[in-house]
Every structure is written in C-alpha cells, then in structure tokens.
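Take a look at this one chain, the form predicted alone, written out in structure tokens.
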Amino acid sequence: MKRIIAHLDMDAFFAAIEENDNPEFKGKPIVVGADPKNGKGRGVVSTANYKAREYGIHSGMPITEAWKLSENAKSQGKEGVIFIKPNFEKYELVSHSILSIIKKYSQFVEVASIDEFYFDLSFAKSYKKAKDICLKIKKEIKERERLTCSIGIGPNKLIAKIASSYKKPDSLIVIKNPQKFLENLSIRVIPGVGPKTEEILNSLGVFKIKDLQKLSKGELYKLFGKFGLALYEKARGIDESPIIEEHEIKSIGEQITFEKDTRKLSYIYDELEKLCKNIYKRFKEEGFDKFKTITVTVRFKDFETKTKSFTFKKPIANLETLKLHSLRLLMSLINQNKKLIRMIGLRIEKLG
C-alpha cells in the first residue's frame, strides 16, 4: 500500500495564541521571546507573527536585532513591535489539544515539536480522501482553538514537511510528484541544509534542488560524508523514515544566558546550582530513577562554545552528586579559557 503522510505546522504558534488571549494585539506586529530591554537584552526570538516578519524579524534571531528592526520600523511611521515573554505552560496545553484533534483522524501520529505533527493517512488510500481529512482537522482546530495551521501531504515525511511550509499561512498542499515539486525550490528547504552547507553548494553553482540533482552520490559523499548520501536521496524526494509515535526522552537539559557577560564565579556557580535543581526536579517529575551522563556547556562572549561530559560507571540518582560533578565540569571549562562567559547549560543523559 502506498504511503500518504501529512505534516501539520501551526502558523506563528506562540504569537497566534497571544493574539487570541489579548484581542488588542490583533493586527499588530508581535514577537514572543526574550525581553529586548531597549536593545540591551539577551536571548532570541521564539516566534514572530507574520506582521513582525514583514519587518525582517524571524525565529532564532537575537532579540537585540529584533528590537533594532522594530525601532527602524517606528522611525518610518510604522507600529512598533509588541514583545511578549513566552508562557510555555499555556502553549503546551494548546499543543495537547491539537494533538487530540489529529488523533481523532489518524491512528499513527508523531509529535515533532510543540507546534509540528506528522501523521499517517495511508488508510485513506487516495490523496483526495487524505485532503478531505486534513480539511476537517484544519476546521476543527480553527473552531476549537481559533488558530490556523498549514498542512503538507505527500508520499513521505520529507515531502510533507516541505509542502507544509510552501505557502504558509493557512495552507493545504498535496504533492503527488515529489521530484517535479522539488526541482525549482531552493536547496535551503531541505532539512539539514544550513548556511555552511548552502555556501559550499553555492560555490559549485548549486542553488536550486534541480542543480543538486545533477551531483552524483560520490561527489556529495566527498563533500559531506554520510550526510552527502542522505542529501542525494532528499534531493530526489526519497525518504523512508517511519512515523515515530512516541519519542523516548533521552536527556533533560536547560541553559541560561546571563544579563551581562561575566567571570564572577560566585554568580556563575549560583546559576549552575539553579540549573541543577530545575533539571533534577524535571527528572523526578518525568518518573526517572537514575541517570549516567552529565554534560556542561559554556558559551563565551565571542560565542565560542565548549562542552564537557562525564559518564559514571554506575547510574546515579541524587541531586548532590549532580551538583558536585557539574561544578567540576564547569570549572574545567572556565579554567581553559579566560574570556567572559555569556551562557551556561547543563544536561543529564542516559536516563532510566
């Protein structure tokens, strides 16, 4: 039986929820993310609504850049951006609601992220019936949550994901001929192709996927190793990856970006202890009893990032051991580099 896979991507999810909860925000540029603090804030943009995107603001952008773009828009007589601190608990509740709607129509659903879902519609046996099901899902989400989403339908997860982003927002795209669909798209739409990969390919005259299709497996392997072989398949719309219904939690981690770059050790150690307590609390709440690996990350002022891990011979389960070994790893990283520190992160792995 041929596969029919759908990918649902919520439109400007966090910002759209905030608009629903605050009617006065309707039609205004909204950014959900860190506090910009008049251009001196730290952190990044989590979500920008489509009005804010018109200013050039996008997810992952440093919040200081978003603030500058907002100020520039204001200087041109446009509305300034409304910056909102994220409320992840609220967003999780809406995400669960959306998942429950999808599960009414498909037995096999993969939660890719808080606002992205893959689901199998192969049982529909035709793209027409699959499209009808997705129209019902879109309608129910709009009625229940007052939110729009974009859905891509294709023969696999790769094509479904690319299709869902093709004409956002509030779109529904069905792709029956993947190779033809991909030909004239930018290589950047392929998952895993970032700025560095794009730069290398551009230097070879590869800008669109049809250009990429001209490169052999051998050529791509020489350039990118195993990823090159995957890229060869993706350029042709080939993807055999299954729908994974449950993602096993393999690690728990958090990070904190300091208000100012610092090397004040008492402050850094206090922040690390907070991370330890938060992560340990989540570890217990998730029902785990032990972990085996601790990883500490330090990002310096110039964005150089260093990571160090320690794996115990036998799993451990207490907070004090976590604190002690995290501190040792942190001290080792700090002592190797005399630059000011911008961010620290902590993660526990091999949970059980």
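Owing to the predicted nature of the structure, the values given are computational and were not obtained by experimental measurement. Heads up: residue numbers just count along the shown sequence, starting at 1.
Another form, the form predicted in complex with ligand TTP, is not on view; read the next lines as being about it.
Peer 1: When you measure heavy atoms, are 136, 145 and 171 every one within 4.5 angstroms of ligand TTP in the predicted bound form?
Peer 2: No residue of the spot touches ligand TTP in the predicted bound form.
Peer 1: Would you kindly say which of 307, 59, 311, 318 lies with a heavy atom within 4.5 Å of ligand TTP in the predicted bound form?
Peer 2: The residue in contact is 59.
Peer 1: To verify the annotation, which of these, 114, 272, 220, 193, has a non-hydrogen atom within 4.5 Å of ligand TTP in the predicted bound form?
Peer 2: Residue within 4.5 Å of the partner: 114.
Peer 1: Just checking whether residue 53 would be counted as a contact of ligand TTP in the predicted bound form - the rule being heavy atoms within 4.5 angstroms.
Peer 2: Residue 53: contacts ligand TTP in the predicted bound form.
Peer 1: Can any non-hydrogen atom of residue 10 be found within 4.5 angstroms of ligand TTP in the predicted bound form?
Peer 2: Residue 10: yes, in contact with ligand TTP in the predicted bound form.
Peer 1: I'd like to know if residue 297 sits close to ligand TTP in the predicted bound form, meaning any non-hydrogen atom pair within 4.5 angstroms.
Peer 2: No, no contact at 4.5 Å.
Peer 1: Is residue 64 close enough to touch ligand TTP in the predicted bound form, meaning at least one heavy atom pair within 4.5 Å?
Peer 2: Output for residue 64 is no: heavy atoms all beyond 4.5 Å of ligand TTP.
Peer 1: Considering ligand TTP in the predicted bound form, find the one stretch among 23 to 31, 321 to 329, 287 to 295, 40 to 48 with heavy atoms no farther than 4.5 Å from it.
Peer 2: Result for this chain: 40 to 48.
Peer 1: With the partner left out here, which residues of 212 to 243 have a non-hydrogen atom within 4.5 Å of ligand TTP in the predicted bound form?
Peer 2: Residues within 4.5 Å: none.
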